[in-house]
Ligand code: OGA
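One chain is shown next in structure tokens, namely the form predicted alone.
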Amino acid sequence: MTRIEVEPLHACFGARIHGIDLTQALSEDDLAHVRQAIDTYSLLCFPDQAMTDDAHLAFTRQLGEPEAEHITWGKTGQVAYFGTVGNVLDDGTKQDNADAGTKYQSGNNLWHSDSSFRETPSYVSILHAYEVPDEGGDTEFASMRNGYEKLANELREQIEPLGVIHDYVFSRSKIAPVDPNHAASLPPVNHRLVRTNPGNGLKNYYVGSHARSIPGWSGIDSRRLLDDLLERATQPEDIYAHHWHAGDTVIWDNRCMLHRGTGYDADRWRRRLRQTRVVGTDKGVVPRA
């Protein structure tokens, strides 16, 4: 078994992991350690990984079923497992601030959980940094588990039986138009507002920019509750800002973590990170009455 060193990143969540090479097939023991660390810390950073797309996808498959990237699937029906975060295209050219792709990616600057708008949301996202700007481009993280733990018992009891509609078109249409085929592939879905980690039994609520409304509640009351829960989880002292270095591979638990980009000057800098996701095992869908 590999000697693994764990360095906390934040008082509430997160760890930097040394001693594991994600570009090689992991032993059963090391894979079990990674899974346990995901359940415990929710956010993991593995520095100095000599990653390639092939190694990245192989590691993704060790954690579970790779998730089809929803934009390519929605627009074309083709299955692709990678998304590029940043302004550097596959041919090496750079998009600037005025480019439509750069503007569309600015939607990532809203607090969200990846693929919460899918019937089966993501288990984890795996993001590797190849090129990073000298200024800006950090990713901020906050824990909905930590937010839930701070709630009064009365509020916990109130939200326990509720559902919440997650809607990609609702959130991203605020930033830029969504391709009609893409929109049609992602109808709104009703998830449980309170989710439970199957490994350790810890609970969290499930909100973010894709969270549109509470079924059976008025729009005003829905927004009041959802915005309040989001604010509680994202207080300044509860946020960890990850400053990227080339070679970082970062994994986060979409079941309980929120994240957002912080922006950077695409006219000045190149930014290229490659991402895969692992399909979750719990749909979390509220049964229809």
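Note that residue numbering follows the sequence shown and begins at 1. Here the structure is a predicted model, which means the values were calculated and not measured.
As for the form predicted together with the ligand, it is not shown, yet the points below apply to it.
In plain terms, the part of the chain that comes close to the ligand in the predicted complex, with a heavy atom within 4.5 Å, is 255-263 out of 233-241, 57-65, 29-37, 255-263.
Contact with the ligand in the predicted complex, defined as a heavy atom within 4.5 Å, is made by all three of 108, 112 and 271. For the candidate set 159, 127, 165, 178, a heavy atom within 4.5 Å of the ligand in the predicted complex is found for exactly one residue, namely 127.
Distance criterion of 4.5 Å from any heavy atom to the ligand in the predicted complex singles out 85 from the list 132, 193, 85, 186. Although the partner is absent from this view, residue 24 stays clear of the ligand in the predicted complex, with no non-hydrogen atom inside 4.5 angstroms. The closest heavy atom approach of residue 95 to the ligand in the predicted complex falls outside 4.5 Å. Although the partner is absent here, residue 146 is not a contact residue: none of its heavy atoms lies within 4.5 angstroms of the ligand in the predicted complex. Using a 4.5 angstroms limit between non-hydrogen atoms, residue 122 is distant from the ligand in the predicted complex.
Heavy atoms closer than or equal to 4.5 Å to the ligand in the predicted complex belong, across 121-148, to the residues 127, 138, 139, ordered by sequence position.
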